[in-house]
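A lone chain, given as structure tokens: the form predicted on its own.
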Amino acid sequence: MNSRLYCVIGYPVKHSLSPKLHNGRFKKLKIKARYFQEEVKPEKLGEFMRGFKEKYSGANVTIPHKEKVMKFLDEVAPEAKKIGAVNVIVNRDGKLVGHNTDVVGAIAALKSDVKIIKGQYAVILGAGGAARAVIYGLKNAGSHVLILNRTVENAEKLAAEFDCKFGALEDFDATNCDILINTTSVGMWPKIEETPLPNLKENLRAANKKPVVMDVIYRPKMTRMLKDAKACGCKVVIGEKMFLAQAAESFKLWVGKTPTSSGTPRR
């Protein structure tokens, strides 16, 4: 029996810990499968997907392909269709089906540190595929959501879809913020000194607020934004929690088994 092949599709993708995590799980459960990285430039996505179903049994999808990959799939699960983004592909006997496990991962990560989400005021940084899943999950949980993005037009479009408020990144004001979540790639390895909110500490102190601050980036574990928030006494939620929760759901979709361990792969 040949090994089934899986991969993570993104650009860039070298930072991804998915291969170590999933290959470790395949080995532990004695499943004949292997998992790879596929760095695919945006303009090459269509070409890559045309040969996908002949080679791969499934994939994770990351920045910047979560939205655009949908048009290359045969079917999109109802929840992923509502979110408007896909982060998991399952090759079901030659039929490519898209799913979204980011929403499960984001809410599971938040609930580990936030006991009440309903009625909370959440500020989301970014307007891409990860933002869509986070916003969908928060809205379903009863939060009030404000979307801030570098390109305001993108925030406005997303806000219209999900019935949220919107603004520019530089408009961030902690005064009415209970939950702050970064869904952008700003601060991701190797550019670990970058942050989407350079004045976060000053803003938090001026507003005398200590929101729960989460970053979907998991490498580094503590981004500059999380460090700044922690320095102000905020409770922080590392992206690794979301990563592990969504990865467990991905694994279950591919092989029909829940991972026996959600431990972090060694770097």
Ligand code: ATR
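Source: prediction; values computed, not measured. The first residue of the shown sequence is 1; numbering continues from there.
The same protein has a further form, the form predicted together with the ligand, not shown here; the description that follows concerns it.
Even though the ligand is not shown here, does it sit in the predicted complex so that G129, L169 and V186 each have a heavy atom within 4.5 Å?
Per the other structure, all of G129, L169 and V186 touch the ligand.
Under a 4.5 Å heavy atom criterion, is I63 part of the interface with the ligand in the predicted complex?
Taking the distances in the predicted complex, the answer for I63 is yes, it comes within 4.5 Å of the ligand.
Check N176 for me: does it contact the ligand in the predicted complex (non-hydrogen atoms, 4.5 angstroms)?
No, N176 sits far enough from the ligand in the predicted complex that none of its heavy atoms falls within 4.5 Å.
Check whether N154 has any heavy atom within 4.5 Å of a heavy atom of the ligand in the predicted complex, and answer yes or no.
Result yes; N154 sits at the interface with the ligand in the predicted complex.
With the partner left out of view, is E202 within 4.5 angstroms of the ligand in the predicted complex by any non-hydrogen atom?
Residue-level check for E202: no, no contact with the ligand.
Identify which of R150, R92, K82, H144 has a heavy atom within 4.5 Å of the ligand in the predicted complex; exactly one of them does.
Residue within 4.5 Å of the partner: R150.
Within 4.5 angstroms, counting heavy atoms, which one of the listed stretches 106 to 114, 136 to 144, 119 to 127, 93 to 101 is next to the ligand in the predicted complex?
The contacting stretch is 119 to 127.
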